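Here you get one chain, nothing else, as structure tokens; it is the form predicted on its own.
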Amino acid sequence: MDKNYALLEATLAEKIDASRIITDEPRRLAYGTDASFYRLIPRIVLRLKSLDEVIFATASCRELSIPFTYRAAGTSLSGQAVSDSVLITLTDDWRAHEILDNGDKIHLLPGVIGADANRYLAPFQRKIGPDPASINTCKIGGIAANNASGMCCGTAQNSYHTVEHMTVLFADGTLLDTADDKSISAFKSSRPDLVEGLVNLHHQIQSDPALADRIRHKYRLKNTTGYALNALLDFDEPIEIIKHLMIGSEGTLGFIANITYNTVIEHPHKASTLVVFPDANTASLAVTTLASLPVAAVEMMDGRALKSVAEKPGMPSFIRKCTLENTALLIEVRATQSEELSSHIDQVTQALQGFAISEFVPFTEDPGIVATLWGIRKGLFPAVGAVRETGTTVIIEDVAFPIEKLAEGVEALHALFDKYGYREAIIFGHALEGNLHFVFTQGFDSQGEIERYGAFMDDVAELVAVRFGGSLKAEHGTGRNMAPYVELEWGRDGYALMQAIKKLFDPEAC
């Protein structure tokens, strides 16, 4: 295999500048991690500046049977952007964009940073639908490939539901531009196996009511575990199926060379409130009520989460008095007109009057107060990192429970934290979708710690996927961390369907 890597390096040097073929140990080591706790040292890191270079590099790897992994910004939290083989990254040449239809659409290359896309759209009072927490650093290629969402995006505005077109490079070197009729025709002629195979899988699901119902249930929730099987139910036209299977495929089905999004409105008027409830059950019941109201975001934070930021500057004084039983909701409403915003505030305020409330910050449009309130939510992840022991890492996982099971899910996760001694663990998340993040610290410097983590994740998978029928990955992507549990969540038939999809897209890999 070492000989093959030497051959690959020599071949790549024929068309790619040597400065962008990274083989020295220090830089390979630097590329050995993404935002997860995994480390795999790549043998070669490529910095590619054009689609022609990507086509050449992937073809060269394929000829030598050398695997490769795509990386955008490397903000992946589940280990999907690391490789011990060839890591393909992009230069800043991939940051072009084009505003279309007066801002209703935007055409983006994969190297565009998410926040920059929104900056380009701001004059039109539009934005892209996905709003991941890392939007100031993550790139469009990763946002689409992971079907990232965020605090206000939910499921209706994620990449799956807002993609209009894309250009895809497949493993065999075939290109498809879904906006170009000639490209579509050429693709159907060159890859009839893929086209016909997807149609057959579509019919297979249609004739399997149990599997179809399971897929519908899973995507009633936020779900990024494995491939987007809902594409085979939502569409019957193979190009549409391909386009939507690419979303959330984490680079394993092909390379997204560009993407056109249908944008969403950026409301000019916003207001936020922080409401603290006596316990998780009361907060969860409030979430169920809020789900039918005009709210843009409802962020849940458990008592442990509140305590983790209680001493931070600018926090409301009552945060220090919160108990472990308290659970807070950070609620935001948005509107195009101030009168509409006032109406939304009144509806939410009236609905909450029926619940026991321990403390609250009234709805406000004041930018400083709003920033402070959202600073509580955004400061939770680093708050855990600040108290971690030397040699440990901070792990964040995200799951989704059916919203009617949200309170039970919070209680069950707390029980697992206690069982395995994760006393610093906190829970927060996008409550409207039943999407909870939990953060804890973990060492991997002993076999005992590795086994503790493994047993904990086994129990989490059983709890979420089996007991509650939820999703093990709501928005962070499957990655290496949840890959062992995909079959547990989807069942043998669902997992076999994903294997069939991979084989259609990339026959040589199977």
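From a predicted model like this one, the values you see are computed outputs, not experimental measurements. The numbering used is simple: start at 1 and walk along the sequence shown.
Although not depicted, the form predicted together with a small molecule is the subject of the following passage.
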Check Lys127 for me: does it contact the small molecule in the predicted complex (non-hydrogen atoms, 4.5 angstroms)? no
So in the predicted complex, does any heavy atom of Ala35 sit within 4.5 Å of the small molecule? yes
Using a 4.5 angstroms cut-off on non-hydrogen atoms, would Phe438 count as touching the small molecule in the predicted complex? no
Quick one: is Phe255 in contact with the small molecule in the predicted complex, heavy atoms, 4.5 Å cut-off? yes
Though the small molecule is not shown, can you say which of Asn481, Thr69, Gln442, Ser60 has a heavy atom within 4.5 Å of it in the predicted complex? Thr69
Of Thr75, Asn223, Ser284, Asn158, which one comes within 4.5 Å of the small molecule in the predicted complex, counting heavy atoms only? Thr75
TL;DR on 43-51, 446-454, 473-481, 459-467: the one with heavy atoms within 4.5 Å of the small molecule in the predicted complex is 473-481
